[in-house]
Every structure is written in C-alpha cells, then in structure tokens.
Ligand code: NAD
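Below, in structure tokens: the form predicted on its own, a single chain.
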C-alpha cells in the first residue's frame, strides 16, 4: 500500500488555492474551488476532493475548462430557469445556479433549474446543503459527460457515467437528511483512490476490458478500460438512465456517448427541483412526520457489527468532525500528482510543500 500523508485542512486549502491560481483563475475562484474540494475530503469523499486537481489542471491546459466563467441564463419564466455553466469550474457554477434557484423558490414556492454544460460539479451533496441552509428541500439529477465508465445492467462495457442522484431535506433544530450517491456501485473517483493507494476493490464492483469480473482498480483508471457496475443491478441502472435523460437532456445538455479524443474534461448537467415547504403549506407536517419516521426507522435493533442505524448524512458529519481534528489524509501518489499539476502551471514543488505542514 502507498504511504499516507496527513495535512491540516486549512493548509491543504492554501496549497490547492495556489495551484488553481497558478493555472490562471482569479484569487476568488481559486479559493472557492479549493474550499469545496477540501470540504469533500473532510466529509470522507476523497473521490471528489483534492485528488481531482490534476484532472482539472489538465482540462484547463487543454481548453475544456474555462477560467472565471459564470452562469448564463438561457431561459427564465419565474419558477423555471434554464442555465448554462459555460464549462466553468463547477464549484463556482453550482453555487451560482443554486443561489438563483433558491431566490426563485423563496419567491414562488418552487423553482425547477436546468443547468447545462458545467465542468465537474464535485460532491452534489454540497448543492443540496446550500438549499438546506436556505430552509429548502431539493432534488438533483446529474449526468456526466466524459469517457463512459459504467456498464448498464446486463452489459459488458461502459456506456454511461456515474450519474449522481441527491436529495436534501432540512430538519428544524436538527441535522438535515442528505442522500447523495452515484448510481454506480462506487464513484469513479473511489477507484482512482484505490489505484493510487494500491488496494483492491470489493468483488462485484467492476469488470475488466473483456467484461469479466475483476477487483483490480486499474481497469477504470488506465488503458485498457473496463467498467464500473451499477448499484442495485437493474434498479441502479434504471436510475442512471433517468439521471441521463433528466440531468442531461431535460436540463438542456447532451447525453453520453463515445469519447475518443482523450481529453481530461468532465462536464456535468443537473436538473434540480427546489421546494419551499412553507409555501407548499406542508412544512409543519413534513417536520412532524419526518421526526416520527426517523425515530421509528432508526430504532430498529442494529445488525451484528453495526453500532446503530444512521440517517443519510450522519457518516459524513462524523467524518468531518474527526478530520478537522486529526487532519485530512492524502495518499502519497495523489499528493505527488497534485504537486506535479502545480509544476505544469509554473508553481515549483518547493512552494507547494512549504504551504502544508505534515503531521
């Protein structure tokens, strides 16, 4: 296994900000991208954290990621917004799109947002949490335009993306419900993390380039490429299809297909429904019934090896609290890739290393 380095979160933010800034982003954009990526690491989603930096830098250099871009409004009918991310950093585009959607949902009770052509939106739960902070319920369907990496149920090669689905529900006076998952068995970034760490994947997670089962993560990282499998067999595959059609086509973007140019960009489109339960007239009912059901479901006797039944979002919050104290682990291979990405944009390795204080 690869060695693991541990960094204080604030030091990691500083280092990533410097790399993104060196690639040409404004200070504000670089800081926003870095904070979002490190937040993903803090919550235990290393697949969507700082390990994405090398791919982002390559996308900038290839021209597939546009610097300091902002959301453009393509259609506006009040409670319906069609937006274009203009291939800008998803950490900026996602925040701007949700801010617009939140404003309209508060005014009209609901806003349906179609966001097309954003670069990688990162951890989709972040956008649900932005809506939660405004007291709103949100549902998000996302598709992924990159090299296909997930096989449809019953298929032997990759045809679709990891296509996330996410729901956020605020709980007055308590921690919210945040359901956020890829429709593949695991996120693609988790296979990259496993590959860099030198560990195998769980059986039944991926297939090789011949469509045969394997536990070697290389088959989703380097050629020849195999495929991830959908979660829940036909159910996950079906939900991935819905994310492709709603998150991609209905939102105004494109749907997946063959990619042969080898470019490092990752484009997302997202279809979001943002609801003000107060204006719907069901806020009190939602709060009461939610607490009743959560209490009922989490009171189930825990299975062997399980401490207690959790609600969606709890593991991430616990991980965040722990990593804020203990630091953020980054495997040595991934850290080397980040330092090398800095070198591509003229930031010396010594400067990056000086920004972090290893534990």
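Residue numbers count along the first chain shown, from 1. For clarity, every value in this text was computed on a predicted model and none was experimentally measured.
Omitted here: the form predicted together with this ligand. The next part is about that form.
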Notebook entry, point to check: Each of 124, 190 and 311 near this ligand in the model of the complex, meaning some heavy atom within 4.5 Å?
Noted result: yes
Here the chain appears without its partner; judged in the model of the complex, the stretch of 195-203, 248-256, 173-181, 271-279 with heavy atoms within 4.5 Å of this ligand is 173-181
_Any non-hydrogen atom of residue 29 within 4.5 angstroms of this ligand in the model of the complex_ = no
Is residue 93 part of the interface with this ligand in the model of the complex - any heavy atom within 4.5 Å?
no
Would you classify residue 168 as touching this ligand in the model of the complex, given a 4.5 Å non-hydrogen atom cut-off? no
Taking this ligand as it sits in the model of the complex, is residue 217 in contact with it (heavy atom to heavy atom, 4.5 Å or less)? no
Checking 164, 236, 101, 114 against this ligand in the model of the complex, the residue with a non-hydrogen atom inside 4.5 angstroms turns out to be 164
As a check of understanding, the residue in 329, 302, 63, 315 with any heavy atom within 4.5 Å of this ligand in the model of the complex should be identified as 315
Contacts from 30-45 to this ligand in the model of the complex (any heavy atom within 4.5 Å), listed N to C, are 45
